[in-house]
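In structure tokens, one chain follows: the form predicted on its own.
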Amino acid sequence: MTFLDFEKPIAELNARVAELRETADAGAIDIEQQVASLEAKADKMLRDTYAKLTPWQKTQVARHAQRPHLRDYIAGFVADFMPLAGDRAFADDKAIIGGLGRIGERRVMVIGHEKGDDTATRLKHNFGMAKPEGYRKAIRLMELADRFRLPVVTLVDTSGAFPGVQAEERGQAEAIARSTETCLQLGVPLIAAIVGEGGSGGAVALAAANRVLMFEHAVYSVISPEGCASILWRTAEKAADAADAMKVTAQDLLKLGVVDRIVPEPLGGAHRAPAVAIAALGAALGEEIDALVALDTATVRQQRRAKFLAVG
């Protein structure tokens, strides 16, 4: 387990427990009572810490490298997944993965950002930062789902769209705008889930949905706290202050009407018990799909329109 900076006291207790267990294994010393006491203390410290996380600390949790990623969610609750690649114009962007599958008994189109979980896969998936061809692939898959009357599920986890020169030359802003427009025009239900970091237009392009779910310790904002701090204070060191002001947490965004439902995470974040987090999200998505699938095209569009007009 990789511990974050604010978790260092918990890490020290866990290290002490590990040392005691090694001592016990090396001899006949009975330290179970002492170990149990330290474990209880570490558990209480973990509960107390995560009960009062600051927005900046939540941002760190949302970015934790060991959080589940798109491929983990697909493996966990999407049956018979069939990936569909390419934008039929330029290339296949590995930062966005999409395809057909089943959640429960419902056939769906699943689309989302993939960040990767080690150096090789992070480079392959460009750290989840999509290029124009990624958003055009998403548009193609959403339109395909609309044609065959399949609900669309999107899983958002990106710091933002790729800001490179080549992406801009290929129409990054236009691709993001068209993807957002497609989300809003779909005649089938669209359910989005912010599973980690939802950053900038790169996130909104897949999240203009009928229902927006958000993990308890995920974050969602128009710009990263570091980017905001660099603009306002000319230094990224003010990122914690920016995170406080920007209302990036699930709890704040639920109050503002930007998201519709918070999905609880295991104690200490989704990275501590990935299987539990994946199951919780799968169950929540299944409930949302069942609630929306019977709606007709006009109602689906009107509901989505009313939702976004009401924000703010």
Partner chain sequence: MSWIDKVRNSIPFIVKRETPENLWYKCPQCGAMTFLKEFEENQSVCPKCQFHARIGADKRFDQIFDSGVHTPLPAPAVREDPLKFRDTKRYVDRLKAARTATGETDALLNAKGEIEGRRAVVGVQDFAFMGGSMGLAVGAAFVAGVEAAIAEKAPYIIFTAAGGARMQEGILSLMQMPKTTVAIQMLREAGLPYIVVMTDPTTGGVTASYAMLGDVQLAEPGALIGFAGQRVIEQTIREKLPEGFQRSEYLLDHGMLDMVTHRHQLRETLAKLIAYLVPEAIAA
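Residue numbers count along the first chain shown, from 1. A quick note: this is a predicted structure, and the numbers were derived from the prediction, not measured.
The form predicted together with its partner chain exists for this protein as well; it is not shown, and the discussion that follows is about that form.
Within this chain, Glu168 lines the site of its partner chain in the predicted complex, having a heavy atom no more than 4.5 Å away. Using a 4.5 Å cutoff between non-hydrogen atoms, Ile111 does not count as a contact of its partner chain in the predicted complex. Though the partner is left out of this view, Phe77 does not reach within 4.5 Å of its partner chain in the predicted complex, counting heavy atoms only. Shown alone here, Phe90 lies farther than 4.5 Å from its partner chain in the predicted complex, counting heavy atoms only. Remark: none of the three candidate residues (Ala11, Ala36 and Thr54) comes within 4.5 Å of its partner chain in the predicted complex, counting heavy atoms only. Stretch 160-168 is the answer when you ask which of 160-168, 142-150, 100-108, 116-124 has residues with heavy atoms within 4.5 Å of its partner chain in the predicted complex. This chain is drawn without its partner chain; in the predicted complex, the residue among Ala65, Leu256, Ala275, Ala40 with a heavy atom within 4.5 Å of it is Leu256. For the stretch 194-230, the set of residues having any non-hydrogen atom within 4.5 angstroms of its partner chain in the predicted complex comprises Ser200, Gly201, Val204, Ala208, Tyr220, Ser221, Val222, Ile223, Cys228, in sequence order.
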